[in-house]
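This document starts with one chain, in the form predicted alone, laid out as structure tokens.
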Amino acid sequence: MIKKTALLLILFGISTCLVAQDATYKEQYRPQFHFSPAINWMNDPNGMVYYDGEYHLFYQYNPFGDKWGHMSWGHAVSTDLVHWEHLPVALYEENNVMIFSGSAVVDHQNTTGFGTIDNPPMVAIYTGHHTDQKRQDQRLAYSLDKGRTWKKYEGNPVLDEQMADFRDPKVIWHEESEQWIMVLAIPLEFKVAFYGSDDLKNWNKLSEFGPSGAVGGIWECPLLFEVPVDGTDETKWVLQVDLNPGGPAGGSGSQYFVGDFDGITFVQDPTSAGRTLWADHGPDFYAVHSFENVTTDDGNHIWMAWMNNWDYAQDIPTSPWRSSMTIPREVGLKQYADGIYLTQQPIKELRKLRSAHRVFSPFTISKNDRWKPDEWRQSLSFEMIIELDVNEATETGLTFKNSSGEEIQITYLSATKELQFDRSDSGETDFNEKFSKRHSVSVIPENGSLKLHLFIDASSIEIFANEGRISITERVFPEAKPFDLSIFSKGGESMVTRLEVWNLASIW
């Protein structure tokens, strides 16, 4: 007999899927080209994997409400990483065990024995969070029908160190050592642990990494992947670890380490040791997760993050859903004069959403003046590329302002070489006192030119500066009114050498 709680969860999952199919996706603050659940609470992306023509996105989900609780795995699929189809909840909380974060792989060689070579299982590796005791362990579930139905492994847990905080397994296949590698967070010790396995069921501890970098908050949601270093003939490994609190803009954030991994130990590259490298410099980028079985033509990976911050995530003013994901980003490494850094670019597939393209001829903005384009009434779903020659101005930047007086300002300060984002008057900001208003990051123009690539949606802005070396992710909550653009220059003149704008269609 199915237990009452499980039955309720199944019925709720079915109803959630039906609601998703009928949702208007036109609510106040509803993202139009970012993934968001039809209803209820969502946080970390989980189990992102490509299999047989589909990209799978699982995510931390509360089937019963719009705040954190009853953690289960929501599920959606896409054929292009742009448009998403909601599916019923994949893994449910039951028997006093919540389904915390984890990853998924396709076991092509059927090392688990869950499927066959002809029909390999999709295997989810997740943290079981016990609600009746202080313990977290690692568990398996598998699917033989492209992720539509799941069975939890009868031998769970497969890894139990009798620890209260031990979570977020990311599993990859390591070709050189011919084994599965699991990287896990030991949050309170500011460490990650590495385990190896031949069959995903039996795990041996290999090594630990940390503490290193930022340790102002607990460590969570580690990632491990190998990518080529652009401009060289070598590859490096990226170990990404989230931090809460202690992020660069307050609250939660995402740091990374560059180094080498030999199947046992991760060794940090000397050029990046002793400093903290941030994957994103805004406040709203956390629990980033990469797709398994997916690399670009350049060998880069694709990842997405939870676009929120634990300081205020449960209070953001959205309904009937809460939280969204960033756009998918191509992530790689590039050699610069001062070391190897991670780069991020919006995936090329997003270009299919473009329409109503406007191109402006180069123009100069006089000292202490402001330029406004003719007939600009832009909705909050657009993409912009702007290149600014900032050699003479002390300050130059962009202001987006609507008829209610709400505004978003992005400013480059020449004296400090900082890019500043100001959302203090951007709309609703008083829902939580920790919703910080201004953030800045060091950005050095290349040959005096600052290039910004912006994606602006109903309640978010993602900025990629200088070909993706710097990214800034911010939530904003303005009224749903068109925004006017102005570009200003102070202390000297500035020149706009490129300005292009595209409307972006809704993915729903």
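Heads up: residue numbers just count along the shown sequence, starting at 1. Computed from a predicted structure; not experimentally measured.
The next section is about a form of this same protein that is not shown, the form predicted together with a small molecule.
Novice: If contact means any heavy atom within 4.5 Å, which of 479 to 487, 28 to 36, 43 to 51, 449 to 457 contacts the small molecule in the predicted complex?
Specialist: Contact-bearing stretch, as computed: 43 to 51.
Novice: Would Asp168 count as touching the small molecule in the predicted complex under a 4.5 Å heavy atom rule?
Specialist: Although the small molecule is absent here, Asp168 would touch it in the predicted complex, with heavy atoms inside 4.5 Å.
Novice: Is Ala104 one of the residues lying within 4.5 Å of the small molecule in the predicted complex, judged by heavy atom distances?
Specialist: Heavy-atom contact with the small molecule at 4.5 Å: absent for Ala104.
Novice: Whether Phe421 contacts the small molecule in the predicted complex should be assessed with a 4.5 Å heavy atom distance threshold; does it?
Specialist: Contact with the small molecule, no.
Novice: Test of understanding: in the predicted complex, would Tyr412 fall inside 4.5 Å of the small molecule by heavy atoms?
Specialist: Heavy-atom contact with the small molecule at 4.5 Å: absent for Tyr412.
Novice: Looking at Trp180, Trp310, Phe114, Tyr341 here, can you tell me which has any non-hydrogen atom within 4.5 angstroms of the small molecule in the predicted complex?
Specialist: Checked against the cut-off, the match is Trp310.
Novice: Which of Leu239, Ile327, Leu91, Cys221 has a heavy atom within 4.5 Å of the small molecule in the predicted complex?
Specialist: Answer to the contact question: Cys221.
Novice: Kindly confirm or deny that Gln60, Trp68 and Phe100 each have some heavy atom within 4.5 angstroms of the small molecule in the predicted complex.
Specialist: Yes: Gln60, Trp68 and Phe100 each sit within 4.5 Å of the small molecule in the predicted complex.
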